[in-house]
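Here we start with a single chain on its own, the form predicted alone, put down as structure tokens.
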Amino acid sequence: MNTLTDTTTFDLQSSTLREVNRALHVPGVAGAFSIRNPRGAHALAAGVNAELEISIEGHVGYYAAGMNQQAAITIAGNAGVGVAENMMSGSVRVTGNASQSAGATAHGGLLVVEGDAAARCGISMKGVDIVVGGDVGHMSAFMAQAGRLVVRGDAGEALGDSIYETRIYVRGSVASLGADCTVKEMRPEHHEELAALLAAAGYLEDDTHAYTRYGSARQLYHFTVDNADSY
């Protein structure tokens, strides 16, 4: 560990993952942390519950920044499965690509993936906002319950399958829609909402009129035998 003015720096070539995560969980911890040479470490900066600024310089493995509360975490590289899973608040930014299940089950906060996100991005999301700079894979927003998903590129098959009240905005093409997901009108409040999300993610140049909104047709809220093949 090395302390420089207001930033505490760890190098995972000389420090263990346990030492780093323990430092991020010290009661009353504050300030900024720089973590170098993560080399694909799993569960890095997971479970943080403090207003920290955490910069990770390199690729991370599974479940990085999971269960985050309050912290602003930047991953300067790619992220493995389940980045920002079950995040409650704060923000996570991935400058590269994210593997599957990015932002899964997350309740709040903002997840930005500047590159592509693989399958099941935002699966069962419960209030988080997710902005993906590139494409998302199949079954993204599967069983999404609340929050907003913005895709600046294309979406794979079965987008929004069995969706509840999450709002999805896609600029590119959609391979196919999942059960009960449908195209919806872009009213003025949706343009305003989308513009705010894009601004928060740093994409100020996007024209919201280039996006299509998707959401729940609300036909599967209650079981009916006529929909049995769709469940």
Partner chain sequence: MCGIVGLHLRNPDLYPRLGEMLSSMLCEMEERGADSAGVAVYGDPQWCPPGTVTVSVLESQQSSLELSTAVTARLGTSVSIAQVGETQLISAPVDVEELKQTIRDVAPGSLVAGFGQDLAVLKGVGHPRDLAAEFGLASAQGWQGVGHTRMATESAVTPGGCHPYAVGDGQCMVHNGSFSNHATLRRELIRDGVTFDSENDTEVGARYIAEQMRRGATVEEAVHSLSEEFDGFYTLLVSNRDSFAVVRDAIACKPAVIAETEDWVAMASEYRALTDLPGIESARLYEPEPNRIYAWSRKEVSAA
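These numbers were taken from a predicted model, which means no experiment stands behind them. Numbering follows the first chain given and starts at 1.
Another form, the form predicted together with its partner chain, is not on view; read the next lines as being about it.
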*Have a look at 39-47, 200-208, 167-175, 185-193 and name the one stretch with heavy atoms inside 4.5 Å of its partner chain in the predicted bound form.*
39-47
*Pick from 99, 86, 124, 91: which has a non-hydrogen atom within 4.5 Å of its partner chain in the predicted bound form?*
99
*its partner chain contact in the predicted bound form: residue 62, any heavy atom under 4.5 Å*: yes
*residue 78: heavy atom within 4.5 Å of its partner chain in the predicted bound form?*
yes
_4.5 Å heavy atom contact, residue 143 to its partner chain in the predicted bound form_ = no
_4.5 angstroms heavy atom contact with its partner chain in the predicted bound form for residue 131_ = no
*Going by heavy atoms, what in 105-120 lies within 4.5 angstroms of its partner chain in the predicted bound form?*
118, 120
